[in-house]
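Two forms, one protein chain; structure tokens for each follow separately as structure 1 and structure 2.
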Structure 1
Amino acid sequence: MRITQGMITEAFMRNLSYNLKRLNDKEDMLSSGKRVRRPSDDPVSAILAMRLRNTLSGIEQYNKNVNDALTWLKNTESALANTGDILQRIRELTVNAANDTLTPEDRQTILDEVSQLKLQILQEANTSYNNRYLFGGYATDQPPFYIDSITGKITANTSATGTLKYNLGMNNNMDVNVLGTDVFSDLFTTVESIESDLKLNDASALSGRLTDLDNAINIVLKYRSQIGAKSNRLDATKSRLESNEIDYTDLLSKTEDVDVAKTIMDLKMDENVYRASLAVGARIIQPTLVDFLR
């Protein structure tokens, strides 16, 4: 086959373009820090990287859910702890009021304090977090308990039902809310009965309320115990998610990130090849008539 000058020039331009492309690819890798920038660079690694990114995105959301659930439980636990302390104080007052030696005026003084403590329990029962009532079930935008301004009686919101779940992972959900009616309804009934007994100056009836108070205190303790167990589970879940995030991030980096040292060496090599190509090109390009006439 006869080799023409045009064929030599065409082959040179093809090789020069290829060498320039390789050089450009190395520069892109170093400037972006990514070995896989497009699916065509490495289809298998690109698919794996996309799956890892989806997994990491899910872990990030699960972590947010865990932190939100932990905050919810901490606020709930604080409200119940305060309620337990208040109930203990009401019990002390009730024991004192059941003493036959007290006068009606003494019991009126105790009544005033018990009434104020009841209002404080109402505040705890209507505790909110991030504009959501903790004990309101699905009705997080409504107070779970109301007080009648005339009678002073406390009633439960009938809409305060339902269980709030947090998604903590694949097939991993947790109920985080405690229904106010389960904790506070009988409690308010007991405290209001004590108020009535104090108004009636009935020492014997007051003595009988101690059992109901103990039951209310035990209910509060039961839910505090459940919240503690759930908090421990959430802490363990959070540790696992953080560990998974580190592992998957490392795997993603190995899948798509560039090996800087190796790529710099490849870049220098491609630079040398490209410069050599240009030097060769200067020799094989056919001289012009002007070059012969010099």
Structure 2
Amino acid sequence: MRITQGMITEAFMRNLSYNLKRLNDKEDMLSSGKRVRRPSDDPVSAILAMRLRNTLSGIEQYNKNVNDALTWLKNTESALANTGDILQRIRELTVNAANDTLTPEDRQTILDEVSQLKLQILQEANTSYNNRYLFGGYATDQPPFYIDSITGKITANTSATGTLKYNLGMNNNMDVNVLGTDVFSDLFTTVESIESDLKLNDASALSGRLTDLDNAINIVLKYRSQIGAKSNRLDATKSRLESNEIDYTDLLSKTEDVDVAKTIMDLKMDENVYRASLAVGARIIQPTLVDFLR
């Protein structure tokens, strides 16, 4: 093979720029921290990285939804717990009032307390969180129960229906609200009957109301245990989402991040090659026959 000075120079320049390009690639990878900077670096990994990012964003969102659902349920639960406590007090008072020995005055005092307790229950039934009525169904802007200023009776808002669903994942959602009418409507009727019995001073009727009260208490308990079960499900979802997040973050990192140790090794190797090619460059101006002819 015939080799000429021009060929040596050209080959040197070509190789030098190739080596410098490889060095540049490694430096770029290390400074960006990413192995996959554009789809062409590795089309399969790039698409996988896109999917993982989407999945991670989804997980983040669902985690938020779970937390919001938990807060909603917690507020509902505490309203129901308060309602249960108040009902217990009403039950005590009713048992007391059913006693034949009580005077009408005594019953009047009890009536005053029961009426106050009813208003307290009304407060619980109209609990709001974040400017939304918890028991109002879709009618989150109106109190689900209001008191008739003339009769003093509590009436339910008829539009307070609708089931609020929160997304907890793909094809996975949960009803988070409890409808006020389901919990409170019969309860208020019962309390109002007790009020009128107290007004009429009817001891035997009052003892008959205890069954209704027990029913109301049971209904409150039923919803509380339902909320407990839902909270458990949310807690489980939350810990699954959290472990998913760790797994997917790890996978994303493995997919697109630079293996720093390996890349630094590669960088060092490329650097050596580049240095060597520079050293070669310094030597390519070889003496020719010219130097030896006299």
Partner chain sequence: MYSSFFGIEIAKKALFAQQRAQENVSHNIANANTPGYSRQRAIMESTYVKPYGGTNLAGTGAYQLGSGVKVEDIARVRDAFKDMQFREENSGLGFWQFQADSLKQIEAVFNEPSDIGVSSVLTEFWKSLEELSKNPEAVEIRETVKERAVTLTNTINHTANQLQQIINDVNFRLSIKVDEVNNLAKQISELNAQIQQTEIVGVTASDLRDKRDLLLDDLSKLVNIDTYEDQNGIFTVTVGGAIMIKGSDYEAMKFDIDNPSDGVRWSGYNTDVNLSKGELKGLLELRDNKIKVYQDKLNSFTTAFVSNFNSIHKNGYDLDGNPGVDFFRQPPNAGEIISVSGDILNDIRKIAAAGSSTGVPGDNENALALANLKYDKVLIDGQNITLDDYYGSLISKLGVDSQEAQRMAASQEVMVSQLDEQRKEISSVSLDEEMAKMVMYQHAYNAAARMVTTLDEMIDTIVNRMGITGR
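Take the two forms, find the largest set of C-alpha atoms that superpose within 1.5 Å, and that set is the rigid core. Each residue is numbered by where it sits in the sequence of structure 1, with counting from 1. As the structure is a prediction and not an experimental result, all values here were calculated from the model.
Here the form predicted alone appears as structure 1, and structure 2 shows the other form of the same chain.
The interdomain rotation between structure 1 and structure 2, with the chain split into two rigid parts and fitted on C-alpha atoms, amounts to 10°. With both forms fitted on their core, the C-alpha atom of Glu27 sits 2.8 Å from where it sits in the other form; this compares the forms between structure 1 and structure 2.
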